[in-house]
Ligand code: HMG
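Just the one chain here, laid out as structure tokens, in the form predicted alone.
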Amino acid sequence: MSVGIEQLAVYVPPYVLSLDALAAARGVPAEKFREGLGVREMAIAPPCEDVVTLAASAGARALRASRIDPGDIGMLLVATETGVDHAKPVSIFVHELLGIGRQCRVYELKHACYAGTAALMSAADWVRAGGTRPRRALVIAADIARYAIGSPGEPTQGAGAVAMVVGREPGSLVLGEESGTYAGNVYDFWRPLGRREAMVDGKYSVECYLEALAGAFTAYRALERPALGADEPLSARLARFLYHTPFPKMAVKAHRRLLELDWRATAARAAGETDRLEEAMVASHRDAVAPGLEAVARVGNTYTASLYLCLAALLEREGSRLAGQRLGLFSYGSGCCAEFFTGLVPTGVAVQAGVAELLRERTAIDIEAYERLVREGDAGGEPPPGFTGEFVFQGVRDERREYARFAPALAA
């Protein structure tokens, strides 16, 4: 039975800050961000948006694109590390805003950036467990990456959400049934209770990411079917590679490590072709990785949504050319847990996730406006002119968060 992603939809906030402007304000060369990190812009949320509104806006887009009744959703999962309450999940707010029916399993998942994959795999297993009964799940990965003004992590901020309808008619990606996993308790990135901004040990986090990649990818190679020949690299079977991407240069490091592992596992390449690895890495990154990084370079870090933003943008641009081919996907969450899995792009794929349109419609802001928005946080209030979201966070009253649908077209 085929199970996978039937539809993808993306939402990003309406404001965008140029990383060249940020570099100038911080007194560093623009190349440090453009070349060193691979980022050009980052999405900034206004005070009327929080992780709930991001998730709900993406979810509404996915439901419309799927042309399914919200009442047909039997499971709603929201993956985030930007929770709004220690007990009440983001997903139950989204459940109400989207008008999903009462007969629905609803919960929130947290494991840093890995949670989006945890939600997708949980939903896929639930659909498979239904047998011949029709089941559909709505999985949403949504986050706002925040770091203190002037901190080393500041240029790796971002915000956005990706919604995925998961079911037995996967028109976007058929999920493979095997995956390689890896877990270990590390303190590479964390956010203690009471802190708005995360804490991160940047260099150590990169090391943890690459170690987890090695563990998950090696585990997956052993599960690949049909089994790999002694001289056959797994990378030869996969048309594209997508990685959790806190910044695009992380995907460069990740792909180099993956190819090293893949080549070393093949007898002939390990014996006589290692001198060609760097040449192969450059070509492979250009052809198999770079096509999926354009959106991340313009949105920034979206934590749980990062991998799936890459997927949505890739399928929107190249879906028809990739039909019938397999993709390799790697998910990493600090703390840490990782998973490598594959997916088949089905024949007839037609993904319109809204990525290009959303990026085109954003409003550029300057450093002064950016710093003001950071200080205001997600305080709630009226949406700004040109707001493209579908829901707004109105604020907190009597310790309760209040949300509403925003429909300017209807109001006019």
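We number the residues from 1 along the sequence you see. Computed from a prediction, not measured in an experiment: that's the story for all the values here.
From this point on, the text means the form predicted in complex with the ligand, which you will not see here.
Proximity of residue 261 to the ligand in the predicted bound form: non-hydrogen atoms within 4.5 Å are absent; the residue sits far from the partner. When the ligand is considered in the predicted bound form, residue 167 lies well away from it, no heavy atom lying within 4.5 Å. The ligand is not drawn, but in the predicted bound form it has no heavy atom within 4.5 Å of residue 377. The ligand in the predicted bound form is approached by residue 29, whose closest heavy atom lies within 4.5 angstroms of it. This chain lacks the partner; the member of 152, 192, 324, 131 within 4.5 angstroms of the ligand in the predicted bound form by a non-hydrogen atom is 152.
Just one of 99, 202, 83, 291 comes within 4.5 Å of the ligand in the predicted bound form, counting any heavy atom, and that one is 202.
Listed stretches are 204 to 212, 100 to 108, 168 to 176, 225 to 233; the contact stretch with the ligand in the predicted bound form is 204 to 212, by a heavy atom cutoff of 4.5 Å.
Judged against the ligand in the predicted bound form with a 4.5 angstroms heavy atom cut-off, the residues 93, 402 and 405 are out of contact without exception. Residues of 244 to 259 lying near the ligand in the predicted bound form, listed in sequence order, are 244, 246, 247, 249, 250, 253, the criterion being any heavy atom within 4.5 Å.
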